[in-house]
Ligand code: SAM
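Single chain ahead, by itself, as structure tokens, in the form predicted alone.
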Amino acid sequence: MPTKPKLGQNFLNDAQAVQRIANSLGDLSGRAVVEIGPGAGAITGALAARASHVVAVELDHELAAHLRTEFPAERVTVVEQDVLNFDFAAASAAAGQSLPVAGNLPYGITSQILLKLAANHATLDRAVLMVQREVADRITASPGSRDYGLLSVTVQMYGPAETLFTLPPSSFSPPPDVYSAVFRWRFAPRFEELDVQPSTFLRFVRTVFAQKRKTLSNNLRAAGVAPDAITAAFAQAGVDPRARAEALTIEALASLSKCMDTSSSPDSQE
């Protein structure tokens, strides 16, 4: 195994945690699983013991080569690629089923990977992912809490997320400077239920969470929305214009977004 981690890698060396992660995906009999960032293959082995096939997406050339020597090709396919470029739809089509996903996500691109998974929700079933503990706190946060924000709403609009357990730095080699947490995300988008269009609603959410210390109405004004349109929308939605976005449930945010005159809202940068 490569002994000099690159790309900010921290290899999981906690055998009990490995089994908990694999078990948290549920029954994998007859299933193909995608693993993001398998690294040295600790979780890969546990997944391969449970699933019919594992697609391990690993960017690092040395680690990919190591994985190919560790696992038989008929059980584990190693894809040497950036996961942000990985074709989940093609993998799902090849498997003939929606895909469970597991992974120890690189800290630097965690949000990008989550958005990638969200964009591919139609081909995915559920995910058990390891991230920095503070990120997991934000993903699973409830309205009114300090951690509730844009990431919370974005992830939870694509399905419920729950923190399963935390891991200390000593569970990794080399030990990172922070604690990690494992969370489970079940893909069940809420856009149709709440009668909002994904692009329109998520643009609205980015606007109202642009500066968390500002009120909803102030963030909307800063984005160029006309004051009278804001006043009318808040009255129609029954939302206090002095409220901050972090105080509103996803349902309330959806209601307010529908009441806004979208024609008066400038397009936000994607």
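On a predicted model such as this, the values are computed, not experimentally measured, just so you know. Residues carry their position along the shown sequence, with the first being 1.
One more form of this protein, predicted together with this ligand, exists but is not displayed; see below.
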For the three residues 136, 205 and 250, verify that every one has a non-hydrogen atom within 4.5 Å of this ligand in the predicted bound form; reply yes or no. no
Note which of 181, 109, 99, 151 lies within 4.5 Å of this ligand in the predicted bound form, where distance is taken over heavy atoms; exactly one does. 109
Interface check vs this ligand in the predicted bound form: of 91, 128, 105, 114, the one with a heavy atom inside 4.5 Å is 105
Within 4.5 Å, heavy atoms only: does residue 82 come near this ligand in the predicted bound form? yes
Contact flag, residue 9 vs this ligand in the predicted bound form, heavy atom cut 4.5 Å: yes
Is there a non-hydrogen atom of residue 63 within 4.5 angstroms of a non-hydrogen atom of this ligand in the predicted bound form? yes
Would residue 32 count as a contact of this ligand in the predicted bound form, using a 4.5 angstroms cut-off between non-hydrogen atoms? no
Listed range touching this ligand, judged in the predicted bound form by heavy atoms within 4.5 Å, from 214-222, 227-235, 197-205, 34-42: 34-42
Could you run down 209-231 and flag each residue that has a heavy atom within 4.5 Å of this ligand in the predicted bound form? none
